[in-house]
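In the form predicted on its own, a lone chain appears below as C-alpha cells.
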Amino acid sequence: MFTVIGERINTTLKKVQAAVADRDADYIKDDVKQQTEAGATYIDVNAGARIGHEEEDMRWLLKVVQEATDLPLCLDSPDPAILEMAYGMVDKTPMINSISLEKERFDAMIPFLKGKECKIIALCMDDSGMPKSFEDIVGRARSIVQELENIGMKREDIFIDPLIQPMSVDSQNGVMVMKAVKAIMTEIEGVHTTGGLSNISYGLPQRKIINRNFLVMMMAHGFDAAIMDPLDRDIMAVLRTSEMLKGEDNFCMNYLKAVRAGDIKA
C-alpha cells in the first residue's frame, strides 16, 4: 500500500510555529488526530524553524504528538544530534528525514544511522547540486543505496527521494522525475520512492489540481510514498482510487470503504 507521510507538523508553517511557541498542545493534537483519521501512515515532525529552539521544540512536539496518535513518526532534521535525541524518545520504529550524498551531510549522518532500526529518506542530491537529468537521479540513487547497504541498511527500509522540481522552472521536470522513478523502481529492486509532491506545482495557479494529476502519473510509474497533506480530501480520494485501479486494493475494499464514508464522491 502507498505510504502517506503527513507533512503538517512543521514549524515552517505559521500556525504550527505559533502553536509550538505558545505550547498549545491542543492545536497540535487536533491536527495529528485529523491526519491519523485521514489515512496518514507516518506523521512527519519538523521543529527546525525557530532558530536556537529546535531541541526543546522537538522534545515538546514528540511528547505531544505521541499522545495523539499510535502512528510511527518521521523525524525531520538535518542535525544528527537532534535526530539522536528524537530517536531515543519514539515508541515505534521511525522514519528519518533525511540523508544525501552531499559530503558534509553524508559524513554527519552515516555514524548516526549505523546500527539504527529505522526507515530512511535518501535524497538524490550531491555536492554538484540538483540533478539535471533522469540519468543523474538514477545514478545518485544507486550510489546512496550502495552506501546505505554498506552500513547494514535493508533496501526495503530505503525511500529514495528523486527531488521533484517545479514545472514553472522547466517544463521537462515532470517527465524527468517520472522516468527516474520508473527506472529506480525497476532497476534497484526492493527500494521505495518518495518526495514532496507539491514541489511540482510551485509558482503555478490551481496547485491542488496539478498535485492530484501528478500523483496519479507518478503512481503509474511506481511511486509508492509521498510527503503530502492527508487532510486534502480530494488528493486522498485520488490516491485511494489509483491504488484500486493499480490492483493494490483486494476486492476494492478500501475504495468501497472510502466511498461509504463519503471520502470519495463526485
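On a predicted model such as this, the values are computed, not experimentally measured, just so you know. Numbering starts at 1 and follows the sequence shown.
FYI, the form predicted in complex with another copy of the chain isn't displayed, but the following is about it.
Another copy of the chain is not drawn, but in the model of the complex it has a heavy atom within 4.5 Å of Met217. For the chain shown alone, Ile200 is a contact residue for another copy of the chain in the model of the complex, at least one non-hydrogen atom being within 4.5 angstroms. Another copy of the chain is not drawn, but in the model of the complex it has no heavy atom within 4.5 Å of Asn254. When another copy of the chain is considered in the model of the complex, Asn150 lies well away from it, no heavy atom lying within 4.5 Å.
The three residues Gly48, Ser128 and Met130 each lack any heavy atom within 4.5 Å of another copy of the chain in the model of the complex.
Residues of just one listed stretch (140 to 148, 166 to 174, 97 to 105, 110 to 118) have heavy atoms within 4.5 Å of another copy of the chain in the model of the complex: 166 to 174.
Between the options Met178, Met185, Ile82, Leu71, the residue in contact with another copy of the chain in the model of the complex by a heavy atom within 4.5 angstroms is Met178. Contacts between 227 to 244 and another copy of the chain, taken as any heavy atom within 4.5 Å in the model of the complex, involve Ala237, Val238, Thr241, Ser242, Met244.
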